[in-house]
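The chain below stands alone, shown as structure tokens; this is the form predicted alone.
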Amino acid sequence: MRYIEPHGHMVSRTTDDYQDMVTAGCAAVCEPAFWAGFDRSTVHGFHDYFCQLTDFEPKRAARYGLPHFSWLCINPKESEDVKLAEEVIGIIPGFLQRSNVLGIGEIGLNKNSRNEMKVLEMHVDLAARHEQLILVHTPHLEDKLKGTRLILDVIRSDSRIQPERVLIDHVEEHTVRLVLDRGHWGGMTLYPVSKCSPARAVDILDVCGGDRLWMNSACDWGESVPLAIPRTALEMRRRGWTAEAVDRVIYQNPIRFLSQCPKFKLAAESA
């Protein structure tokens, strides 16, 4: 089995996780910027974090033969401080030319507040000005439907953004159609206690088909499973998905979306 981990917060994981992922068939991992478990107080903290994502973490992954790519932003959970967000967004262009940076993400909303909306709009503008892919975080639980609609409207209001260059992550049964109908890609996050279980994710695939959808583990500080994608692939096979159809969802689909950024290349492709 081969697969891409398109959304994994590897700074929160051990090297054992890298080794297990490669053993399971992971061909590349992509790491969006996210919340560190506490609110960072200065732009300098974010600068150091972006250096970690674009310099240190790729070297750590390379020890296990795993290509590592990243996305940059100020996470929605830290977007209430608009002044700090402006400062952080101001330093991102200096990192965009680094070889493993795929775009802007994971941006979006957490509590659907006005300040979060302002920062989301600033991120979308940044992506448009620099022609970057966008990876979006949608809120949790009861705020997800409202937040998803707000996010989709912000993106549609900027005519510079091409829908197929936007991935809306953490979709669930009640939001996936909204995302796909707007022409975006959708990501299903596989968590043991929230978001999508493997069974629910395969239910969504059974209903919606496998086009413009991917799966990810997120594998962050909390309860999460770095091998969630290959485990869900086994559930797909159990339900009758062919090996070729599974490969399209867990390997070819991420490549289709991510290859819109010319920096996304796997070793076999560049050899």
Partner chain sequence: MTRQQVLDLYFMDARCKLIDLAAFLDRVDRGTGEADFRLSALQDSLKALSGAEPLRAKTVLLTLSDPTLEPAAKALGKGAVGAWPGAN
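What you see is a predicted model, and the numbers here were worked out from it, not measured in a lab. Numbering follows the first chain given and starts at 1.
What follows is about the form predicted together with its partner chain, which we do not show.
**Q** Note which of Arg98, Arg200, Arg182, His130 lies within 4.5 Å of its partner chain in the predicted bound form, where distance is taken over heavy atoms; exactly one does.
**A** None of the other options qualify; the answer is Arg200.
**Q** Report whether all of Met117, Leu141 and Glu172 sit within 4.5 Å of its partner chain in the predicted bound form, measuring from non-hydrogen atoms.
**A** Every residue of the spot touches its partner chain in the predicted bound form.
**Q** Report the stretch among 46-54, 60-68, 216-224, 32-40 that approaches its partner chain in the predicted bound form to within 4.5 Å, counting heavy atoms only.
**A** It is the stretch 32-40.
**Q** Any of the heavy atoms of Arg231 lying within 4.5 Å of its partner chain in the predicted bound form?
**A** Residue-level check for Arg231: no, no contact with its partner chain.
**Q** Within 4.5 Å, heavy atoms only: does Lys111 come near its partner chain in the predicted bound form?
**A** Lys111: contacts its partner chain in the predicted bound form.
**Q** Using 4.5 Å between non-hydrogen atoms, is Asp211 touching its partner chain in the predicted bound form?
**A** No, Asp211 sits far enough from its partner chain in the predicted bound form that none of its heavy atoms falls within 4.5 Å.
**Q** Going by a heavy atom distance of 4.5 Å, is Leu145 a contact of its partner chain in the predicted bound form?
**A** Taking the distances in the predicted bound form, the answer for Leu145 is yes, it comes within 4.5 Å of its partner chain.
**Q** Across 71-108, which residues bring a heavy atom to within 4.5 Å of its partner chain in the predicted bound form?
**A** In sequence order, Lys77, Glu80 come within 4.5 Å of the partner.
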